[in-house]
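Presented as structure tokens, the chain that follows is alone, the form predicted alone.
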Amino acid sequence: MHSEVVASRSAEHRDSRESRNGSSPHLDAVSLAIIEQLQEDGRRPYAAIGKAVGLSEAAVRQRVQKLLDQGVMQIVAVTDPLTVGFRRQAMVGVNVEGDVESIAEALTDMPEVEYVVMTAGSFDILAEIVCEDDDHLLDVINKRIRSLPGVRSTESFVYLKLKKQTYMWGTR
């Protein structure tokens, strides 16, 4: 397990930011540099970040708290699902009749669903699911996702091997 800073792209954070001030927060060069420092090491001391970006430890602490409060980033422990007992992962494409938002919202309420994105293309929604085993995955897809009113069809893409998972897209 390691600590990572995840620059938030989730609708929950984006919606909460926009509802507070009407637009996404403006990030200056110093805030972007702080984010990059934390993406390299989410446990980096504020004093070390301050030295790298030219601020005091207290100023970095305030900036980080503001970035967290605005939903710009999260500091989380990222685990390898296999090492903590989740041996089956899949991306599930979902086709919907009617309101896509309501189905996406229902998927976000399922604890096994880690990632939900509404898309343009072959699927209306893509959902990443992390489960203990194949039986658990079957239960989630067959009994919970397919039973949602409005779900027309699903297609599952079971992960055989995860080659890359990173949250280091920086602030480009």
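Numbering starts at 1 and runs along the sequence shown. Just so it is clear, the structure is predicted and the values come from calculations on it, not from any experiment.
Beyond the structure shown, there is the form predicted in complex with the DNA, which is absent from this document and is the topic of what follows.
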Is the gap between residue 136 and the DNA in the predicted bound form 4.5 Å or less for some heavy atom pair? no
- Query: Does the DNA get within 4.5 angstroms of any non-hydrogen atom of residue 57 in the predicted bound form?
  - Reply: yes
| message | Would you classify residue 117 as touching the DNA in the predicted bound form, given a 4.5 Å non-hydrogen atom cut-off? | response | no
message = My question is simply whether residue 147 lines the interface with the DNA in the predicted bound form - judged by any non-hydrogen atom within 4.5 Å.
response = no
Which of 137-145, 117-125, 39-47, 102-110 lies within 4.5 Å of the DNA in the predicted bound form, heavy atoms considered? The stretch 39-47
Contacts from 61-90 to the DNA in the predicted bound form (any heavy atom within 4.5 Å), listed N to C, are 61, 62, 63, 66
